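To begin, one chain is listed below as structure tokens, in the form predicted alone.
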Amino acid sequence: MKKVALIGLGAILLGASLTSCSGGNKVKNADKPLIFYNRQPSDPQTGDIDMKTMNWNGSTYYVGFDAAGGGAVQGKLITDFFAEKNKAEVDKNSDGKIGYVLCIGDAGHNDSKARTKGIREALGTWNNKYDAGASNTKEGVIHCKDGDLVVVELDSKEMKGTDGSTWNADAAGNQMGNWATQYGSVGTNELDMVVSNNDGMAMGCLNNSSFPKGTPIFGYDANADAVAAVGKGDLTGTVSQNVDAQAAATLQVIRNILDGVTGDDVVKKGITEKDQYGNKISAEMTYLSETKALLAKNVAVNKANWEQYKEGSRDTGIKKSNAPEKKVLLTVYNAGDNFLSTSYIPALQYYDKLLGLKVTYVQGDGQSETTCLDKFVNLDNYDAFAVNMVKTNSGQDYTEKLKF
């Protein structure tokens, strides 16, 4: 049986069931469950977790995935690929080097930083810098079946759209055209690999007409189109952050608190142990009490196992319950984000009904926090809140509104 790792759990939780805002004793907004998901409250420069926000009340949690672990999983996915190849298969111009380019999603996002670091550490190019640009890396080494090759990061770039949005697939596609001309031409043929902080940007690169066919390319997220591309052999690999486990856990923690569950059971019932309705998430999750974070495990996806992650797969451990209906207001930082719109939100919409939660979804533009905050209103009408911020240091903008 899978277990949650409870590391010093000692959070003070509400001792009694929260009464619905629609009847009985009215619960103050400041005392209602507040779950941050997908974008962890943190300093975009240092990566330090914003514990002032996370300690807003005893019912504040973060649900996501192990970002640092995910970066390592993506790095190992890449090195495992090369370990099964002979040098002549992967070194296009036989110069003894593997030259790669890197699509960086958001320079101020913890997940993006973790993936950039994980990739560079695995390839030996990590030079204690997250910044874009080959000058911030060093030469590395990668192991093949018949010996070692030097690894160099030819270039890397944060993919911002013309509208300022990050993780931008169109920007990645356009940049791929530039990289193909600069490094992938017949004369130089230095471009041996493309790596991306997410699937959206990887698919943007892959779909560019100049993409050098047959070049290994790695993404992250296990979006439906990316998994299908892995199955076809177009995308070499991706990483599943167990989006269904994250989505179900986001709602399950809310369900538990509203049902009066307390103590360790808030992050266990319906997650690693069956709840009163018989629900239990199948994927492995870990709870870190010092940051109040419930994290899903990452899994590498390649040609050998891609069918397990095809579109439409849902966690059969979550069944329909007879839980009393509660109302939740949920923000989505960017309506145009590929991962959220095609994977995360559909998963939430599948599980919300099963868990008896009537969720109102409001979406931002991925640029300005006000596009979410302006819709974070009528708070008295809801029993709980789930927040996906535009900027990771905006947590206190939401708790400020909950004071009233």
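Residue positions are given as counts along the sequence shown, with the first one as 1. Since the model is a prediction, treat every value here as computed from it, not as a measurement.
Keep in mind that the form predicted together with a small molecule is not shown, yet the notes after this line are about it.
Please name which of the stretches 278-286, 136-144, 109-117, 151-159 has residues with heavy atoms lying within 4.5 Å of the small molecule in the model of the complex.
In short, 109-117.
Complete contact of R39, D337 and L340 with the small molecule in the model of the complex (any heavy atom, 4.5 Å):
Per the other structure, all of R39, D337 and L340 touch the small molecule.
Would you check, heavy atoms only and a 4.5 Å threshold, whether Q241 touches the small molecule in the model of the complex?
Yes.
Would W179 count as a contact of the small molecule in the model of the complex, using a 4.5 angstroms cut-off between non-hydrogen atoms?
W179: no contact with the small molecule in the model of the complex.
So in the model of the complex, does F65 come within 4.5 Å of the small molecule, heavy atom to heavy atom?
Contact check for F65: yes, within 4.5 Å of the small molecule in the model of the complex.
Is Y333 part of the interface with the small molecule in the model of the complex - any heavy atom within 4.5 Å?
It does: once the small molecule is placed as it appears in the model of the complex, Y333 has a heavy atom within 4.5 Å of it.
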